[in-house]
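One chain follows as structure tokens, the form predicted on its own.
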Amino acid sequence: MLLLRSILFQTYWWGISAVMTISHVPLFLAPRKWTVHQIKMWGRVSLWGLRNIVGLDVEVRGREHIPQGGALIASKHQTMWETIALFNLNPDPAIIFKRELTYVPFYGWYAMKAGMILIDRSTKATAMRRMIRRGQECIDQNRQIVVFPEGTRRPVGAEPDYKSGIYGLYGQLNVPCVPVAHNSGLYWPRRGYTWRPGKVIIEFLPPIAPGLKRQEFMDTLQNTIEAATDRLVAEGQN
């Protein structure tokens, strides 16, 4: 049954993704907000499929900490699920993507049109300057910058590997940083194609005020996210 549900969801997901992606190409000629709306709609129907086909529901905690204006959102990264969820839960997010994703037809085009922050990680100093410059533009537009501090997806239980690049944003942009924890890795396959039923819990934690020194900020961010993630993973395993 688990395999059958996963096959059905995969068929549904790829199907609706293809239809929505191709049919909304004319939005490239419309204002950016229409592309953002379309991506949010795709996220909602994706989560609907997870709930009704796989049996995977969502619980959002700490909604009072979801920023409505310019802020930095730092999330644990285990699967693609949180990318979809965070785009839908925040009013106008700018997710930091690696530039290589822009080469993916349609996916990369929509990311650029929606105003995501694209960086070339092979040019570290240049990438950091560009990320800060684009980040400031987004803050000036009252958008939320979504960043995954570990830089890539990490399996449940893996040792944390937080990169210092997030401090460059935090230190330069002078905005609060909202940590985010979740347990999506228990249900969404990091590799493979078997989605599991259950309930993903995502939690927005109290914001870290601007102004902390580098080490204090990095320690606070990592300890906050990791402690909450461990708690949510344990809750999902019970």
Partner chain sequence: MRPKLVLLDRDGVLNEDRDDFIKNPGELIMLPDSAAAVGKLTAAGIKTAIVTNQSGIGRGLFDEAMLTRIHEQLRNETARFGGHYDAIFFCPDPPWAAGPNRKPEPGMLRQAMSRFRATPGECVLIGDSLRDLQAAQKAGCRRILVRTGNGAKTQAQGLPPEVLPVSVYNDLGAAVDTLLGE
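All values reported here derive from a predicted model rather than from experimental measurement. Positions refer to the first chain, counted from 1.
If you look for the form predicted in complex with the partner chain, you will not find it shown, but the lines that follow are about it.
A.B. asks: Are Leu205, Thr220 and Ala228 jointly within 4.5 Å of the partner chain in the predicted complex, each by at least one heavy atom?
C.D. replies: Verified in the predicted complex; spot residues all in contact, yes.
A.B. asks: From the candidate stretches 29-37, 183-191, 42-50, 209-217, select the single one in contact with the partner chain in the predicted complex, where contact means a heavy atom within 4.5 Å.
C.D. replies: Looking at the partner contacts, the answer comes out as 209-217.
A.B. asks: I'd like to know if Thr21 sits close to the partner chain in the predicted complex, meaning any non-hydrogen atom pair within 4.5 angstroms.
C.D. replies: So Thr21 does not count as contacting the partner chain.
A.B. asks: Is Gln10 one of the residues lying within 4.5 Å of the partner chain in the predicted complex, judged by heavy atom distances?
C.D. replies: Output for Gln10 is no: heavy atoms all beyond 4.5 Å of the partner chain.
A.B. asks: Report yes if any heavy atom of Thr224 sits within 4.5 Å of a heavy atom of the partner chain in the predicted complex; otherwise report no.
C.D. replies: Heavy-atom contact with the partner chain at 4.5 Å: present for Thr224.
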